[in-house]
Ligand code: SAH
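Presented as structure tokens, the chain that follows is alone, the form predicted alone.
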Amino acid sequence: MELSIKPIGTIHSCYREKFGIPRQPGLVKSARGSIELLPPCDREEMFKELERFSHIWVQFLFHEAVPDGWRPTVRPPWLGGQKRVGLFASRTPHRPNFLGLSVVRYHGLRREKGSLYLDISEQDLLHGTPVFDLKPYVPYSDAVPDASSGFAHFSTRKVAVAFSREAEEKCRSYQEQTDRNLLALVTEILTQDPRPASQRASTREYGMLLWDVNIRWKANGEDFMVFAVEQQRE
């Protein structure tokens, strides 16, 4: 049986490129975004009572992974990128149907310029991501306290992050202009160390695009120093 599905919405996110996105949702509390609902799913009645739930599941497409295709085995970052495991023993975006699933915090519904939006945070979704379904998160069944996590062990180590005086001033100025807490967002992302496992010993400079701001940082021993914050001009 052939089956085709269409997106019900599109992600508007602070993450404008793949590098820098946390490896799981919930790790960066300041990562805010929204889901713009598409017809025929842009009707308030379809979300009645959703405000009683704190979190929702988002099923989406890893759209930027599609051109690269998929392979039956992958090298997950939890194993340092050195050991291969089966595709279905990982959360790689390079999957046969390129589908992803994230749980995000729900902040409410709003209509702006004729479009309907769901505001979310604690998200790990790339700007422009197509959304296929939404479901309320139910803790009593969706959280399994005694579940095993295999090789995917969460590291409690946090990288210390410092800002140059100029970089910190630009973050604060940006927040005054936009009401976006860029300082907190950058700090939370970098404490997770977004570098590939193979580059953890590197002292090279890195950059990432958050909203319309280019962030530049480098390793300073085992910690990070943010030395440049440049807003992009269209």
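Quantities reported herein were computed from a predicted structural model and do not represent experimental measurements. Don't overthink the numbering: it's just position in the shown sequence, from 1.
Beyond what is shown, the protein has a form predicted in complex with the ligand; the following relates to that form.
Output flag, Ile21, Phe60 and Thr129 jointly within 4.5 Å of the ligand in the model of the complex, heavy atom basis: Contact check passed for all of Ile21, Phe60 and Thr129.
Position in contact with the ligand when the complex is considered in the model of the complex, options Ala89, Leu101, Leu79, Val159, heavy atoms within 4.5 Å: Comparing distances to the ligand in the model of the complex, the residue within 4.5 Å is Leu101.
Answer option from Glu51, Glu168, Glu64, Glu205, heavy atom within 4.5 Å of the ligand in the model of the complex: Answer to the contact question: Glu64.
Any non-hydrogen atom of Ile120 within 4.5 angstroms of the ligand in the model of the complex: The answer is no: Ile120 has no heavy atom within 4.5 Å of the ligand.
Contact flag, Pro25 vs the ligand in the model of the complex, heavy atom cut 4.5 Å: Yes, Pro25 sits close enough to the ligand in the model of the complex that at least one of its heavy atoms falls within 4.5 Å.
Which of 120-128, 106-114, 134-142, 159-167 sits within 4.5 Å of the ligand in the model of the complex, heavy atom basis: Only one stretch qualifies here: 120-128.
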